[in-house]
Each structure stands twice: as C-alpha cells, then as structure tokens.
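Shown next as structure tokens: one chain only, the form predicted alone.
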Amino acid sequence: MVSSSLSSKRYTYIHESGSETRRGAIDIHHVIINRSRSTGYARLMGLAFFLVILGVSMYSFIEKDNPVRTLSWSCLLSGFFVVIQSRKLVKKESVIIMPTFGIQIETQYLSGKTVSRFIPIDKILKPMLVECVTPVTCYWSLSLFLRGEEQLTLVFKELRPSLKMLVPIWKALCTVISTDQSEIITEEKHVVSG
C-alpha cells in the first residue's frame, strides 16, 4: 500500500506502508527513475549502431581486408559494450527501515541484478543530509555516519534525488535512530546505577 509519493522530471519517490499489523515494523522508501526500459534500450542500440559504424569505418581506413570479417568483429565488439552498459543502468534504489534490526539499501539494475547492503541499527550513529558540490553541479545526498568507519556511507550511490525526496527518508531514519539511541542510553544508566 502506497502512503505517499512525489514525482519530479527525473525521479519518483514512493513511500510504502504495509497493513495495520505491519505498520511500524517495516518502512520502505523507493526512488525510481522515470525513464522507461525502451528509452534505455533505444539509447543502447543507438550506441551499438554508432560503434559498429565507427569500427567498420576505422578498419576500412586502416586495412583493406575482408569486409564481412570486419563487420562481424564490429558487431561482436558493440554487443559486448551494450552488455556492459546495460548492467550499469539503474532502475530504482530502495531503503528498507526495520527499527529493531537495521536498514537495508537495495539497488536494482535494468539487467535485473539487485545489490543489497544491510547496516545494523546499532552501527548507525546519525543520518545526515549533505550538500555535495562539484565543479559542474551541486546536489543533495543522504549519508549515514557509521560507528567504526571513517567515511560517510551514501544511501543512494547511483541516483541523485532532490531534497524534497530525501527529507522524508531522513526523517524516518532520524526517528528510528533517536528512539534506539535513547533506549540504549536508558539501559546504560540502569546498568551503571544497578
């Protein structure tokens, strides 16, 4: 069941909340790219066609050889590049928050491959919204400050959603982390005093 959603030109944010029995147990946030599969594959086929034409023309200028062999090698090479590029195209990234266990970060690619990373709740010190500045652009990123690690961990490694989409995820993470840390502090006080 979708409880809220936001949409921009590039991304769609969906916040899922389950049934009444599951509410509060799992909090799921998705950021989905708004392009269709056909658009991604059309770009890849355009790239493949360009590589075939480039390979044939380069080979014909360099060496006068059998054009059928040249065309077959060019097709094989361009097919290889298409396969490599299709593995890099991201379909969506998700953050699954389980208050008692931790968070799971999932990246789903157009090829069907899914990469997941689980971070235990006691390892997360603080979720942070960070403004990233490069020589070309400026964007917001959601990062986690983890216990025992020197660098921040990016929640969205491939996508760059807008600040409007990051704030609800950040608030959900802050809610889970603050309640968990207050419980740990309370338990530590009881252990020290008892």
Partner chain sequence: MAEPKLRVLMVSDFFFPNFGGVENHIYYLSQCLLNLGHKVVVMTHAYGNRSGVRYMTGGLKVYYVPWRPFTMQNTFPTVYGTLPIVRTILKRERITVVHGHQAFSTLCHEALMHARTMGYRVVFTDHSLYGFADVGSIHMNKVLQFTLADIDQAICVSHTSKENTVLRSGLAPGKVFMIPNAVDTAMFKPADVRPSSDDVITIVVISRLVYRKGADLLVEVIPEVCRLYPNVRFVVGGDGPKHVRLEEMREKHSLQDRVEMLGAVPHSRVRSVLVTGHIFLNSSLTEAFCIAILEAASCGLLTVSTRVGGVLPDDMVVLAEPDPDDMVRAIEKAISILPSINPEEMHNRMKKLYSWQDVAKRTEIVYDRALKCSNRNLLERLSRFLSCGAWAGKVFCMVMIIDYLLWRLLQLLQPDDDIEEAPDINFCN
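Everything numeric in this text was worked out from a predicted model, so none of it was measured. Numbering follows the first chain given and starts at 1.
The same protein also exists as the form predicted together with the partner chain; that form is not shown, yet it is the one meant from here on.
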Non-hydrogen atom contact K164 with the partner chain in the predicted bound form at 4.5 angstroms: yes
Contact test in the predicted bound form: P135 vs the partner chain, heavy atoms, 4.5 Å: yes
Classify E131 as contacting or not contacting the partner chain in the predicted bound form by the rule of any non-hydrogen atom within 4.5 angstroms, answering yes or no. yes
